[in-house]
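What follows is one chain in C-alpha coordinates, specifically the form predicted alone.
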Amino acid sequence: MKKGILLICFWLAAALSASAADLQSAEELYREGKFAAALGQYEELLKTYPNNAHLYYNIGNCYFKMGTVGLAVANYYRAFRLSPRDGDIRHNLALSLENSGERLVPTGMPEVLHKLFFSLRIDELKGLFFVVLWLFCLLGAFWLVKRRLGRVTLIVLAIVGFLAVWYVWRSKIEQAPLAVVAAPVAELRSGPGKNFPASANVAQGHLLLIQDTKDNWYDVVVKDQGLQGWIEADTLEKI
(Lines give C-alpha, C1' and ligand atoms only; values in the text may rest on other atoms or scores of the structure.)
Protein backbone atom coordinates (compact mmCIF):
# COMPACT_ATOMS: atom_id res chain seq x y z
CA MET A 1 0.00 0.00 0.00
CA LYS A 2 2.76 2.44 1.00
CA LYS A 3 4.76 1.55 -2.10
CA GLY A 4 1.71 2.24 -4.25
CA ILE A 5 1.19 5.65 -2.67
CA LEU A 6 4.87 6.49 -3.12
CA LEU A 7 4.73 5.48 -6.78
CA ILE A 8 1.66 7.67 -7.34
CA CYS A 9 3.37 10.63 -5.62
CA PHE A 10 6.52 10.07 -7.68
CA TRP A 11 4.49 9.90 -10.90
CA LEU A 12 2.60 13.10 -10.05
CA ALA A 13 5.82 14.93 -9.19
CA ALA A 14 7.42 13.80 -12.45
CA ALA A 15 4.37 14.84 -14.47
CA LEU A 16 4.24 18.28 -12.83
CA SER A 17 7.96 18.75 -13.37
CA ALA A 18 7.65 17.84 -17.05
CA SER A 19 4.68 20.18 -17.51
CA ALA A 20 6.56 23.04 -15.84
CA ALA A 21 9.53 22.42 -18.13
CA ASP A 22 7.25 22.39 -21.21
CA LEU A 23 5.60 25.63 -20.08
CA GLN A 24 8.95 27.30 -19.52
CA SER A 25 10.12 26.14 -22.94
CA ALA A 26 6.99 27.55 -24.59
CA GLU A 27 7.43 30.88 -22.80
CA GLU A 28 11.07 31.08 -23.92
CA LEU A 29 10.01 30.46 -27.53
CA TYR A 30 7.40 33.22 -27.20
CA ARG A 31 9.96 35.69 -25.84
CA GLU A 32 12.25 34.83 -28.76
CA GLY A 33 9.47 35.71 -31.19
CA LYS A 34 8.95 32.10 -32.31
CA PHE A 35 5.20 32.36 -31.94
CA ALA A 36 4.20 29.38 -34.09
CA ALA A 37 6.53 27.05 -32.15
CA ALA A 38 5.32 28.42 -28.82
CA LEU A 39 1.71 27.98 -29.97
CA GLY A 40 2.32 24.30 -30.72
CA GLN A 41 3.69 23.69 -27.23
CA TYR A 42 0.88 25.59 -25.51
CA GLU A 43 -1.71 23.59 -27.45
CA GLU A 44 -0.02 20.33 -26.43
CA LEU A 45 -0.14 21.41 -22.79
CA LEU A 46 -3.81 22.28 -23.22
CA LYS A 47 -4.56 18.61 -23.97
CA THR A 48 -3.38 17.78 -20.45
CA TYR A 49 -4.87 20.87 -18.77
CA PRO A 50 -8.01 21.66 -20.80
CA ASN A 51 -9.47 24.23 -18.36
CA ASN A 52 -6.35 26.31 -17.80
CA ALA A 53 -7.06 30.00 -18.36
CA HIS A 54 -3.33 30.82 -18.48
CA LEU A 55 -2.81 28.46 -21.43
CA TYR A 56 -5.77 29.90 -23.36
CA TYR A 57 -4.40 33.38 -22.66
CA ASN A 58 -0.96 32.47 -23.99
CA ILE A 59 -2.47 30.79 -27.05
CA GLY A 60 -4.43 33.99 -27.67
CA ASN A 61 -1.21 36.00 -27.38
CA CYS A 62 0.47 33.79 -29.97
CA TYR A 63 -2.38 34.15 -32.44
CA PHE A 64 -2.51 37.92 -31.85
CA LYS A 65 1.22 38.26 -32.54
CA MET A 66 0.78 36.13 -35.68
CA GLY A 67 -1.95 38.46 -36.92
CA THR A 68 -4.78 35.92 -36.56
CA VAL A 69 -7.12 38.17 -34.60
CA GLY A 70 -10.16 35.89 -34.84
CA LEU A 71 -8.47 32.94 -33.12
CA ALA A 72 -6.91 35.35 -30.61
CA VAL A 73 -10.39 36.62 -29.67
CA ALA A 74 -11.71 33.06 -29.32
CA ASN A 75 -8.94 32.01 -26.95
CA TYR A 76 -8.99 35.22 -24.92
CA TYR A 77 -12.74 34.74 -24.52
CA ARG A 78 -12.22 31.16 -23.30
CA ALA A 79 -9.64 32.42 -20.82
CA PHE A 80 -12.01 35.20 -19.69
CA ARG A 81 -14.77 32.69 -18.93
CA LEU A 82 -12.37 30.68 -16.77
CA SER A 83 -10.74 33.67 -15.04
CA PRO A 84 -12.88 36.81 -15.43
CA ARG A 85 -11.03 38.75 -12.70
CA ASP A 86 -7.63 38.48 -14.40
CA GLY A 87 -6.68 41.99 -15.52
CA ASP A 88 -4.32 40.87 -18.30
CA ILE A 89 -6.91 38.55 -19.82
CA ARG A 90 -9.57 41.23 -19.69
CA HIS A 91 -7.25 43.85 -21.22
CA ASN A 92 -6.13 41.65 -24.11
CA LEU A 93 -9.67 40.48 -24.86
CA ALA A 94 -10.88 44.09 -24.95
CA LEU A 95 -7.92 45.11 -27.15
CA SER A 96 -8.43 42.28 -29.65
CA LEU A 97 -12.16 43.05 -29.85
CA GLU A 98 -11.42 46.74 -30.45
CA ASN A 99 -9.14 45.77 -33.33
CA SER A 100 -12.16 44.00 -34.82
CA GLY A 101 -14.43 46.99 -34.30
CA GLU A 102 -16.22 45.60 -31.23
CA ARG A 103 -16.34 46.38 -27.51
CA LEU A 104 -16.08 44.10 -24.50
CA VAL A 105 -18.16 46.50 -22.40
CA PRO A 106 -21.57 47.18 -24.01
CA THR A 107 -22.21 50.76 -25.04
CA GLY A 108 -23.78 52.74 -22.21
CA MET A 109 -22.64 50.36 -19.44
CA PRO A 110 -20.03 51.74 -17.00
CA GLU A 111 -16.87 49.63 -17.07
CA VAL A 112 -16.89 49.28 -13.28
CA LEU A 113 -20.37 47.73 -13.46
CA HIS A 114 -19.21 45.29 -16.14
CA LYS A 115 -16.25 44.31 -13.95
CA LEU A 116 -18.54 43.75 -10.97
CA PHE A 117 -20.90 41.65 -13.07
CA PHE A 118 -17.98 39.40 -14.06
CA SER A 119 -16.22 39.55 -10.70
CA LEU A 120 -17.00 35.88 -10.02
CA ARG A 121 -16.73 32.76 -12.14
CA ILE A 122 -20.04 31.07 -12.81
CA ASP A 123 -19.17 28.17 -10.47
CA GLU A 124 -18.15 30.62 -7.72
CA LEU A 125 -21.42 32.48 -8.14
CA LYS A 126 -23.37 29.23 -7.93
CA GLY A 127 -21.51 28.21 -4.78
CA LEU A 128 -22.12 31.59 -3.15
CA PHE A 129 -25.83 31.35 -3.97
CA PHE A 130 -26.18 27.97 -2.21
CA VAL A 131 -24.19 29.15 0.82
CA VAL A 132 -26.46 32.16 1.28
CA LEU A 133 -29.53 29.99 0.60
CA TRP A 134 -28.51 27.61 3.39
CA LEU A 135 -27.94 30.60 5.67
CA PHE A 136 -31.47 31.81 4.90
CA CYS A 137 -32.89 28.36 5.69
CA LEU A 138 -31.10 28.31 9.04
CA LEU A 139 -32.24 31.83 9.90
CA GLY A 140 -35.78 31.01 8.78
CA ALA A 141 -35.85 27.95 11.03
CA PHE A 142 -34.47 30.01 13.92
CA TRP A 143 -37.14 32.68 13.38
CA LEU A 144 -39.92 30.05 13.33
CA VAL A 145 -38.74 28.64 16.64
CA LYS A 146 -37.55 31.77 18.49
CA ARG A 147 -39.34 34.55 16.59
CA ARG A 148 -36.08 36.48 16.50
CA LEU A 149 -33.77 37.88 13.77
CA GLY A 150 -36.72 38.38 11.43
CA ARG A 151 -35.24 41.51 9.86
CA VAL A 152 -31.90 39.78 9.25
CA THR A 153 -33.76 36.86 7.69
CA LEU A 154 -35.52 39.20 5.26
CA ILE A 155 -32.24 40.86 4.32
CA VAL A 156 -30.65 37.48 3.61
CA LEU A 157 -33.72 36.51 1.57
CA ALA A 158 -33.24 39.66 -0.54
CA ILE A 159 -29.59 38.69 -1.08
CA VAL A 160 -30.69 35.20 -2.15
CA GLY A 161 -33.03 36.76 -4.71
CA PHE A 162 -30.30 39.08 -5.98
CA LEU A 163 -27.83 36.21 -6.35
CA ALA A 164 -30.45 34.07 -8.12
CA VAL A 165 -31.09 36.79 -10.71
CA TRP A 166 -27.33 37.36 -11.14
CA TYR A 167 -26.70 33.63 -11.59
CA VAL A 168 -29.50 33.14 -14.13
CA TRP A 169 -28.36 36.17 -16.11
CA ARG A 170 -24.73 35.01 -16.13
CA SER A 171 -25.77 31.47 -17.04
CA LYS A 172 -27.58 32.72 -20.14
CA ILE A 173 -24.45 34.59 -21.18
CA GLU A 174 -22.13 31.66 -20.43
CA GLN A 175 -24.32 29.14 -22.26
CA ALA A 176 -24.94 31.30 -25.33
CA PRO A 177 -23.56 29.48 -28.41
CA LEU A 178 -20.93 31.95 -29.59
CA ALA A 179 -18.52 31.86 -32.50
CA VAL A 180 -15.94 34.26 -33.87
CA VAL A 181 -14.98 34.91 -37.49
CA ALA A 182 -11.61 33.19 -37.92
CA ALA A 183 -11.16 33.75 -41.67
CA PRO A 184 -10.02 37.16 -42.98
CA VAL A 185 -13.63 37.76 -44.01
CA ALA A 186 -16.84 35.72 -43.95
CA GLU A 187 -19.82 36.17 -46.23
CA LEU A 188 -23.23 36.51 -44.62
CA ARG A 189 -25.78 34.85 -46.92
CA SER A 190 -29.56 34.67 -46.96
CA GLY A 191 -29.54 30.86 -46.82
CA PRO A 192 -27.32 27.86 -46.00
CA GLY A 193 -25.39 27.59 -49.24
CA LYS A 194 -23.20 29.48 -51.69
CA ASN A 195 -26.09 29.58 -54.13
CA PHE A 196 -27.82 32.09 -51.81
CA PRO A 197 -26.92 35.76 -52.30
CA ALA A 198 -24.47 37.43 -49.90
CA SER A 199 -25.91 40.34 -47.96
CA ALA A 200 -22.77 41.46 -46.09
CA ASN A 201 -19.15 40.68 -45.34
CA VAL A 202 -18.15 40.14 -41.70
CA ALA A 203 -14.54 40.88 -40.81
CA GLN A 204 -12.24 38.64 -38.80
CA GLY A 205 -12.66 38.81 -35.04
CA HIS A 206 -16.37 39.63 -34.94
CA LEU A 207 -18.47 37.77 -32.37
CA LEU A 208 -21.51 35.88 -33.63
CA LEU A 209 -24.46 34.31 -31.83
CA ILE A 210 -25.38 30.94 -33.35
CA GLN A 211 -29.12 30.47 -33.87
CA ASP A 212 -29.25 27.27 -35.94
CA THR A 213 -27.12 24.87 -37.97
CA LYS A 214 -27.64 23.14 -41.28
CA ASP A 215 -25.06 20.99 -43.01
CA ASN A 216 -21.84 23.03 -42.91
CA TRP A 217 -23.56 26.36 -42.26
CA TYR A 218 -24.53 28.39 -39.18
CA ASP A 219 -27.47 30.74 -38.90
CA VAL A 220 -25.95 33.60 -36.91
CA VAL A 221 -26.56 37.06 -35.53
CA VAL A 222 -23.68 39.53 -35.81
CA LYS A 223 -23.73 40.85 -32.24
CA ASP A 224 -22.38 44.36 -32.83
CA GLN A 225 -24.40 45.05 -36.00
CA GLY A 226 -27.71 43.28 -35.46
CA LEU A 227 -27.42 41.47 -38.81
CA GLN A 228 -28.63 37.90 -39.26
CA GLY A 229 -27.83 35.33 -41.93
CA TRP A 230 -25.95 32.15 -42.77
CA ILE A 231 -22.16 31.80 -42.63
CA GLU A 232 -20.07 28.81 -43.68
CA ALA A 233 -18.84 26.91 -40.62
CA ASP A 234 -15.27 26.61 -41.94
CA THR A 235 -14.81 30.37 -41.59
CA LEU A 236 -15.77 30.39 -37.91
CA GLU A 237 -14.29 29.25 -34.60
CA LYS A 238 -16.83 28.18 -31.96
CA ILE A 239 -16.09 29.39 -28.45
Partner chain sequence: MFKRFLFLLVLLFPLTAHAALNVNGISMTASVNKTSLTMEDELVLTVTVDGATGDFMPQLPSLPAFNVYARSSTTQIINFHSIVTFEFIMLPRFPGKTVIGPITLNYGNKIYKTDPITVTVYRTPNTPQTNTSKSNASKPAAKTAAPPAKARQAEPTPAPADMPPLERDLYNSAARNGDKTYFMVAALSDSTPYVNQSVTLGIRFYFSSNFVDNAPYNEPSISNLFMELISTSEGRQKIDNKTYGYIERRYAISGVTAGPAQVGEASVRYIPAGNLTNISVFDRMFAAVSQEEQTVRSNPLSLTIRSAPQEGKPKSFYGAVGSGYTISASIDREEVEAGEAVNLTVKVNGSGNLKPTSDLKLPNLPGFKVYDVVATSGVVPTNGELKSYKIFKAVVVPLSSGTYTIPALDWSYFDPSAQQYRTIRTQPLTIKATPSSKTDTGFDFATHSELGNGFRELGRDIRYLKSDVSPSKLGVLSTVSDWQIANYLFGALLVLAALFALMDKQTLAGRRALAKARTQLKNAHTEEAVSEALTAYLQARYRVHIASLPLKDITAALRKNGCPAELVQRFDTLWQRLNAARFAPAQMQEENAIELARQATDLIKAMDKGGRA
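Every value quoted in this text rests on a predicted model; they were computed, and no experiment measured them. Residue numbers count along the first chain shown, from 1.
Only in words, not in the display: the form predicted together with its partner chain, which the text now covers.
Participant: By the heavy atom within 4.5 Å rule, which residue out of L116, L138, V168, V152 makes contact with its partner chain in the model of the complex?
Facilitator: Contact with its partner chain in the model of the complex is made by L138 alone.
Participant: Pick from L209, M66, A200, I173: which residue has any heavy atom within 4.5 angstroms of its partner chain in the model of the complex?
Facilitator: Exactly one listed residue reaches within 4.5 Å, namely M66.
Participant: Does the 4.5 Å heavy atom contact test between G127 and its partner chain in the model of the complex come out positive?
Facilitator: Although its partner chain is absent here, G127 would touch it in the model of the complex, with heavy atoms inside 4.5 Å.
Participant: Report yes if any heavy atom of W134 sits within 4.5 Å of a heavy atom of its partner chain in the model of the complex; otherwise report no.
Facilitator: Yes, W134 sits close enough to its partner chain in the model of the complex that at least one of its heavy atoms falls within 4.5 Å.
Participant: Would you classify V112 as touching its partner chain in the model of the complex, given a 4.5 Å non-hydrogen atom cut-off?
Facilitator: Taking the distances in the model of the complex, the answer for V112 is no, it never comes within 4.5 Å of its partner chain.
Participant: At 4.5 Å between heavy atoms, is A53 in contact with its partner chain in the model of the complex?
Facilitator: Yes - in the model of the complex, heavy atoms of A53 and its partner chain come within 4.5 Å of each other.
Participant: For a quick check, can you give me the residues of 165-189 that have a heavy atom within 4.5 Å of its partner chain in the model of the complex?
Facilitator: Contacts from 165-189: just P184.
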